[in-house]
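Below sits a lone chain in structure tokens, taken as the form predicted on its own.
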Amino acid sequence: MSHLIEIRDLKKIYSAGEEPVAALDGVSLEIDNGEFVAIMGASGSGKSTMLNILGCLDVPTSGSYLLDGVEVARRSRKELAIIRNQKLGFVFQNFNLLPRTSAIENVELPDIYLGRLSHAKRRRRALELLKRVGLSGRGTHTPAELSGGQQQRVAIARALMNEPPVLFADEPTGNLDTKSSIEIMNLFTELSREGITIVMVTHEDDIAAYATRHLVMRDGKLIKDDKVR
């Protein structure tokens, strides 16, 4: 059985002054469909670099990265953008919503870029996704009219628009209060149980506790890989 994500001896070297810095130093792992993975580690451990490469936002210096059976480590920026649009969803700490655009229009954005659906079908799917994340009736609200937790729900709905097999989340609760954080993590848990793979960077143990697998990074190396349930 092929893995959804498979990386081998992945390295990312940055030239910082006279001494090169290995942000990733020979990392290998597999992630299967439906796993909920938390990547942890101190600042500078390599966890954000790992997420950026897995999310096709950056390319490794060397090594292999198979995404859904396709080698993506040597793709051009244009090719990576197409892969991101078709196969990946992203949820960020700062939500990254267009401020003067309604919730429903924010959710529709990925398909506007991909051009897969008619306007009517796109609007219908966006409404379904807003309902899925608990925001029925909020489609006409702009981000400024929504709480932080509601904005993150819009961001999750947007990430699901093109039906990606995997969601990448970078500190998704970093700007949220405790109650909103719990609601967002419960939503991630539901999505994972529905078969969506989730790869999340977090530095908070209580947030990582929702994941079914914990990866711990240190100095660019994977030092721990535990399946917790």
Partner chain sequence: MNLIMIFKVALLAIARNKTRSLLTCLGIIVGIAAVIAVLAIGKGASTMMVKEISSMGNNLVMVFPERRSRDAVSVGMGQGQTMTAGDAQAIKRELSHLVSAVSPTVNVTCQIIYQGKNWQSRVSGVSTDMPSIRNWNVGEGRFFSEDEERGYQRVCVIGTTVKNNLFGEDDAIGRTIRLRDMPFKVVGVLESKGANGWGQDQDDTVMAPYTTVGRVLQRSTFKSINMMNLSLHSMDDLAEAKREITALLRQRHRLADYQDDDFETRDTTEIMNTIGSVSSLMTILLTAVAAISLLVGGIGIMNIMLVSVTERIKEIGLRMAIGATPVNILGQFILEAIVLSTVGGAIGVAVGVGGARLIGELQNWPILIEWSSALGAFLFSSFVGLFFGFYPAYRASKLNPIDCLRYE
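Residue numbers count along the first chain shown, from 1. The structure presented is a predicted model; accordingly, all values stated were derived computationally and were not measured.
Same protein, other form: the form predicted together with the partner chain, not shown, and the subject of what follows.
- The stretch in contact with the partner chain in the predicted complex, judged by heavy atoms within 4.5 Å, is 110-118, chosen from 110-118, 144-152, 67-75, 126-134.
- Remark: all three candidate residues (D58, N85 and R122) come within 4.5 Å of the partner chain in the predicted complex, counting heavy atoms only.
- With a 4.5 Å cutoff on heavy atoms, S192 does not count as touching the partner chain in the predicted complex; it lies far away.
- At a distance threshold of 4.5 angstroms between non-hydrogen atoms, T140 is out of contact with the partner chain in the predicted complex.
- Residue contact check for N52: one or more of its heavy atoms lie within 4.5 Å of the partner chain in the predicted complex.
- Contacts with the partner chain in the predicted complex, taken as any heavy atom within 4.5 Å, map to no residue of 197-211.
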